[in-house]
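This document opens with one chain alone, in C-alpha cells, the form predicted on its own.
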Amino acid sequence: MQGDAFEAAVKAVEEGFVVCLSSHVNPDGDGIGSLLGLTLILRALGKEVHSALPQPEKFPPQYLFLPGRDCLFHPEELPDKADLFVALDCSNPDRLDGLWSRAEGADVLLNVDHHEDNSLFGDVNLVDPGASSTSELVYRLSRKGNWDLTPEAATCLYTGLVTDTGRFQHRNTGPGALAVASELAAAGADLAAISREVYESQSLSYTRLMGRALERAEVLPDLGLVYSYVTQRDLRETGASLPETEDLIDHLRTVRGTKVAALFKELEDGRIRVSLRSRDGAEVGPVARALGGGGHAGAAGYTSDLDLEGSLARLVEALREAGHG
C-alpha cells in the first residue's frame, strides 16, 4: 500500500463535512467494527456523520454491545447528497445494495477495503489486500491523519481485526496485524468484553441450531470437503436468526482430514447463501468468484439460485474444476 493512497484518503476526509458511511450486506465483525470505529473517529473530528447499514434488520446480535451502534441511521434517512461517502469492506458496488445510489452521488467516494478482488470503484481507493482487515486500514488511516482514537473506537476496530483474523489464527494474521492489535489494546480497546460478547455469549436458540447443523454435517473425502446446511424451517423451529450463524462455519472447519468447509444457509427468498472456509493451504476465493461471489483465499462466499441439493452439486463441480480433490 503506497503512502499516497493514505494521503488522498486523509485529504478526502478532512475536506468533507457531510460524510456518509456504510458497509456491506450481511455484515460481519469487520464490516461493523470498521463502520462504527470510523463513525466515532469522524464524529470526534466534528464532522456531520450519517452512518447506516444496507440491511439494518440483519445486524448480528453478537455485536450489539459495540459503542456507536446508537449512531446508526436507517438507510432511508441518509442525505441524498454528501461531501464524502465512505464504503467500508466492500469489494464492489453491489455490496452496498440500495445505498449505492447515494455513494455514487457523493462529491467524493472513498473505498476502504482489503479484499483482493476489489474493483477499485471509488474516486479514492484505499485498498490493501495485504491488510488483515478493513478495521486495520481504518486504524492506519487514523494514525496517518493524527486523529484522536478513543477507547470506544479502539474497541470497534479491535473487534473487526480479531474476527477477520479468526482470533489471530487465519493466514491473514501477520506482524502488521499483531502490531495494530497491540496498539488498539494500548488505546483502550476492551479486550475482555470483546471476547465475552463475540465468542462466549450466544442464545439458547442459536445453540440448538448449531447442534442441528453439526449433527447433519457430512464429509466428501475425495474433495476434502465438509459441509452442512441451515434451513428457514430450522430458524423457525429453534427461534434463532440467520445473522447469529456468522461463526458456525468455523466449527465445521475444524474437522480433521478436510481442507474445505461449506455452510449452506437458506434465505427467506429461497436462495442459498454459501459460506466457504479453507485450511492447509487450500484456496476458496477463486471458487467463490467462479460462482458469482468473492472473498479471500481462505474465506469466501456467494449466493446460489439453486436449491440445497443443486447448490451442493454445483459447488462440488466447481471444486473439481478448480483442482480440488
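Each residue number is its position in the shown sequence, starting from 1. Keep in mind the model is a prediction, meaning the values are calculated, not measured.
In what follows, reference is made to the form predicted in complex with a small molecule, a form of this protein that is not presented.
- Although the partner is absent here, R253 is not a contact residue: none of its heavy atoms lies within 4.5 angstroms of the small molecule in the predicted bound form.
- At the 4.5 Å threshold, heavy atoms of L53 stay clear of the small molecule in the predicted bound form, well away from it.
- At the 4.5 Å threshold, heavy atoms of S91 reach the small molecule in the predicted bound form.
- In the predicted bound form, no heavy atom of G68 sits within 4.5 Å of the small molecule.
- Using a 4.5 angstroms heavy atom cutoff to the small molecule in the predicted bound form, all of R95, S275 and G293 count as contacting.
- Scanning I32, I41, V49, A300 against the small molecule in the predicted bound form with a 4.5 Å heavy atom cut-off leaves one residue, A300.
- Contact with the small molecule in the predicted bound form, defined as a heavy atom within 4.5 Å, holds for exactly one of R102, R140, H170, H115, namely H115.
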